[in-house]
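Taking the form predicted alone, here's one chain by itself in structure tokens.
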């Protein structure tokens, strides 16, 4: 039985739809211009379908957080969405005031508008229940003007915020096409994958990586876990290898006593399934030098080694399902992007179901022109982590509750 509604469940003709999306894009710090519009491109199919089906589409979105330098207007996002959609998406510099309400009421069939950054509202970021958020001004003012609510913001689905969980309490609600694709793809990897399954993990949050590894191996979801990047460095330290002062400084916050003990337990009980690099790329005087982990020159470890890459690529080549999240090295420097590039290329050559997730990993795949070669590329970061750890996603749970109501 379906757990939530999709766009197939409703007739949107001449109806007003509140559409929550995640178009939070990397910006240029000097100009605030969008440096990567991938998230905008990802939501175009949902917007296009809604307007083509005769809907009046009111888009809710955010950019950055209050107090951060990238907390910016969405006017540029509207211009980019206009380009990809092929029709004007008017930007309205208001969320719940008279200008916004007038724009929503005046919206005509088959057109879309984008309202002001929803995080301008002080209560948007407050953690509240569906019922509490349903009483906030955003919901009480906009919901009476709408017929449906659609959530296509999977990348923020792990947050219990007003624009994400408040509307399903009071409006018929559905997932958008992007969120539907995300949930389907993730389920195929983490709930019923084709084996052998390989996870490639390089995330900076070692505690999260440990929990994911433990869960994946205990449940039999993953047959092999390849550790790269900071995750690998942390495991190498736990195994007793000396990585040098500079590398340890990067790991200091992650290597809590609890994390070290859990890592030791994993290596002791599941070590044969956890693959670590046996050589690494070290920055020596500004140049890359590959060395065995037991004989490292002075300098920070910034990538996995070329021999380890060859071994890991062979493991990936024999898999039927491959998931990669987190780069293998410092991808901002070309000489230390080697491991990430080669592992992504190994996935691209594979006949397996391949899923790439996490902002840095997806960004690297984009720059290498490889995204079209993967089975699925996830736009999510925190939501992806929450899903793979088996935790509930508040925005998805709200949609499920709406379906049951």
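Keep in mind that what you see is a predicted model, and the values were worked out from it rather than measured. Positions refer to the first chain, counted from 1.
As for the form predicted in complex with ligand 3PG, it is not shown, yet the points below apply to it.
Q: Which residue, 155, 114, 309, 232, is the contact with ligand 3PG in the predicted complex, using a 4.5 Å heavy atom cutoff?
A: Partner contact (heavy atom, 4.5 Å) among the options: 155.
Q: May I ask you to choose, among 211, 76, 288, 159, the residue with a heavy atom within 4.5 Å of ligand 3PG in the predicted complex?
A: Filtering the options by heavy-atom distance leaves 159.
Q: Even though ligand 3PG is not shown here, does it sit in the predicted complex so that 39, 62 and 65 each have a heavy atom within 4.5 Å?
A: Every listed residue reaches ligand 3PG in the predicted complex, so yes.
Q: Hey, in the predicted complex, does residue 386 get a heavy atom within 4.5 angstroms of ligand 3PG?
A: Flag for residue 386 set to no.
Q: Can you work out whether residue 237 and ligand 3PG are in contact in the predicted complex, taking contact to mean some heavy atom pair no more than 4.5 Å apart?
A: Outside the cut-off, so no.
Q: Flag residue 119 as yes or no: does it have a non-hydrogen atom within 4.5 angstroms of any non-hydrogen atom of ligand 3PG in the predicted complex?
A: Close contact exists here: in the predicted complex, residue 119 approaches ligand 3PG to within 4.5 Å, heavy atoms only.
Q: Residue-level contact is defined here as any heavy atom of the residue lying within 4.5 Å of ligand 3PG in the predicted complex; does residue 16 satisfy this criterion?
A: No, residue 16 is distant from the partner.
Q: Mind telling me which stretch in 337 to 345, 41 to 49, 366 to 374, 22 to 30 gets its heavy atoms within 4.5 Å of ligand 3PG in the predicted complex?
A: Selected stretch: 22 to 30.
Q: Out of 201 to 235, which residues reach within 4.5 Å of ligand 3PG in the predicted complex, heavy atoms considered?
A: Result: 205 alone.
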